[in-house]
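A single chain, nothing else alongside it, follows as structure tokens in the form predicted alone.
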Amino acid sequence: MPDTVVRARAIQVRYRRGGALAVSGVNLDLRAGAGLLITGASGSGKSSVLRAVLGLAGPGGEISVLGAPPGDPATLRRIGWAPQSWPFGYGLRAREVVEMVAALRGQDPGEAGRAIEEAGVGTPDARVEALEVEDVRRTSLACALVGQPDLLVLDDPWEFPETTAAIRRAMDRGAAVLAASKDPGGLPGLLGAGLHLVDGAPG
């Protein structure tokens, strides 16, 4: 794994042609075993930066993730992502969702069970549409933890004890953690480095 997990210069995100820039001029450096927390008010561009790193927004600027361009299929298998919004389609059980992610990453169902336990999912056999919001967030975290990825990307992670422990374990084994939150709580002390955004730019 390269020592520099994420290197980005002058990230720009524009969601429609001719529209205003949602993010402009953001630089990132994230090394293996380190953390970075992006903070800012709602609408400041935090999620857009994460999406640019994942190859889901942009492109704009120069971005390298694990030595490859954003969105590289092989690289995405080494990234665990827990999005902020509701990430699941209806009809599946929470356990099935995590098992599906495990299969996509070439992992067996036992690894899905391990991730479910690590994330503290309380009702893994419930259908996702019936989950309480806390278990929605825990299931999303479990999906991110499958396969012990080299980069964790956490959008507005809820500060469960399991979340804090998972972040510590990831960094201890040399993974990098990139997170964004408008209400960071104890995350700054845990992740170390920080970047504050105002209207899509460092501020």
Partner chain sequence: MSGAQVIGRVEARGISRRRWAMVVLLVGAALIVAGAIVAAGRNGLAATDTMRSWTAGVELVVGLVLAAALGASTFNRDADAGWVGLQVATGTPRVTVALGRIAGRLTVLVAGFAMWIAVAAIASAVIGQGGDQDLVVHGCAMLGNMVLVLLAAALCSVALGPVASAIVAAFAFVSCLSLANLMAAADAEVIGTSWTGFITALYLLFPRAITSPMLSDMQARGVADVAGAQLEINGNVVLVPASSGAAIVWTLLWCLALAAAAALAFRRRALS
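Fair warning: this is a prediction, and the values are worked out from it, not measured in the lab. Positions refer to the first chain, counted from 1.
FYI, the form predicted together with the partner chain isn't displayed, but the following is about it.
With respect to the partner chain in the model of the complex, the three residues 160, 177 and 193 uniformly fall beyond 4.5 angstroms at the level of their nearest heavy atom.
Taking the partner from the other structure, the partner chain in the model of the complex has no heavy atom within 4.5 Å of any heavy atom of residue 61. When contacts are judged by a 4.5 Å heavy atom cut-off, residue 55 counts as touching the partner chain in the model of the complex. Proximity of residue 130 to the partner chain in the model of the complex: non-hydrogen atoms within 4.5 Å are absent; the residue sits far from the partner. With a 4.5 Å cutoff on heavy atoms, residue 115 does not count as touching the partner chain in the model of the complex; it lies far away. Just one of 37, 143, 151, 49 comes within 4.5 Å of the partner chain in the model of the complex, counting any heavy atom, and that one is 143.
Counting a residue when any of its non-hydrogen atoms is within 4.5 Å of the partner chain in the model of the complex, the hits in 69 to 88 run 73, 76, 77, 79, 81, 83, 86, 87, 88.
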